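Listed next as structure tokens is one chain, alone, in the form predicted alone.
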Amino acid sequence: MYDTAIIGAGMSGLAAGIRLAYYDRRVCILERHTTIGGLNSFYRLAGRNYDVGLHAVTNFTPKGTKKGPLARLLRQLRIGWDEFSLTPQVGSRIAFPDATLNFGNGLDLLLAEVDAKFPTERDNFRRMLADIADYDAVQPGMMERSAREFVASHLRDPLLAEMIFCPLMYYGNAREHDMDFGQFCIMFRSIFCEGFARPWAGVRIILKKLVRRFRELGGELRLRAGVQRMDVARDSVTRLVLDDGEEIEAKQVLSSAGWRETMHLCGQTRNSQEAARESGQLSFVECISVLDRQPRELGHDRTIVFFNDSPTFHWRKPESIVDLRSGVICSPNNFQYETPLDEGILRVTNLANYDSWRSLQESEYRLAKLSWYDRVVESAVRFVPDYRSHVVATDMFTPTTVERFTGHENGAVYGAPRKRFDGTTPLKNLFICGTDQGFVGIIGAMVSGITIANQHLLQNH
């Protein structure tokens, strides 16, 4: 019998496994797929390595910083700052029709941009900054407050408000139209107060480091070991039954599969109306273009561009198969590497309709990917130099890809709108971590796993 069985070898599951293994707990991580990482994974296609979900690692702070999520998780995992090989961004941009805001790591550039382009909001913006809660001050009760109401109570210019919401929602908001205030604070600090970074070789550096540390500590990682169901007696999980029929017993179970997905494994289902209310609705397509030269040679030197083609930013499940009005353009090349990447890469992400993609037959699906790749890139080159004549290879993922690799219903990248911040479930030995616990992104996911391990799985140590 294991002390803890962890469902899912994503960032949160791996971090929780390491934390538990430091205390001599017998831990087994069960992963349905042949690779680790979930949506923050990587794959090889036609001789090239591609990151699946990584645009950038948020929450970046320089070496020696003692506060913040990155410093905290490194201490908890006993990993050195240099081991993740993080390189800071060059600089990013929010682009709307009538204004742009450039920002970098730390607030200095963003403050200067707001002062120059929204001078009447100078003092209001600083007052808002003073009222944004620190990480340690964000409490579950804050999540019920509307972030839009909070921002509107400080800023008078609706365009500035929409521009601030665009990157925060694209990088971590499961709720349509609005954000929970606590999530707004977390994302604002992670993106604007701290910032972006990336390992030169991509997300696999972080994943391989986590797996190596977990195994060095005696942890067991099993691939192709999906959990088909969890048997329940009284108020506890008694065993996990794998897809091949094997049975696993553990004193405690930690799931990173998502709230509804985990409850389904336990046989606890809701009626269709309740399910619809609780399910996440926001998913994406992402078009990856490999170029024959560096993006800077084409005049594009920004790390990430968050764009929107109207003064109002719409954050909801689109009625069409893809929403081209807004999106994210990321270049993995535009970080402060000592050695440039071998090839140029641009990634464009847009909101997409899961139901529309899911309804396509295989032949229709392949044609839709070809057609929508062209349309997505055409939309993107309104905000960056036109790179289409320099594309030498492409790939694309859709909401059904997200569903396949994460197990999230509707391909909802950020899971369900309602989060379970304490990580508990109706079963006394079953806990959740990851997206539906409330933290998103690579750093947030690892912090989630560590937090739940500390609060619940190590409480008797």
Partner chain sequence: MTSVEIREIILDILEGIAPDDDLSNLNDEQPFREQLELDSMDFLDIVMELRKRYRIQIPEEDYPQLASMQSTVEYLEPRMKDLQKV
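Because the structure is predicted, anything quoted here is derived from the model rather than measured. Numbering follows the first chain given and starts at 1.
Only in words, not in the display: the form predicted together with its partner chain, which the text now covers.
Considering its partner chain in the predicted complex, the lone stretch of 393-401, 427-435, 27-35, 60-68 in range is 60-68 [heavy atom distance within 4.5 Å].
Think of it this way: in the predicted complex, its partner chain has a heavy atom of just one of Arg358, Arg215, Arg75, Arg156 within 4.5 Å, and the residue is Arg75. A single residue from the set Gly299, Gly141, Gly80, Gly245 has any heavy atom within 4.5 angstroms of its partner chain in the predicted complex; that residue is Gly80.
The closest heavy atom approach of Ile450 to its partner chain in the predicted complex falls within 4.5 Å. Of all the residues from 283-322, none has a non-hydrogen atom no more than 4.5 Å from its partner chain in the predicted complex.
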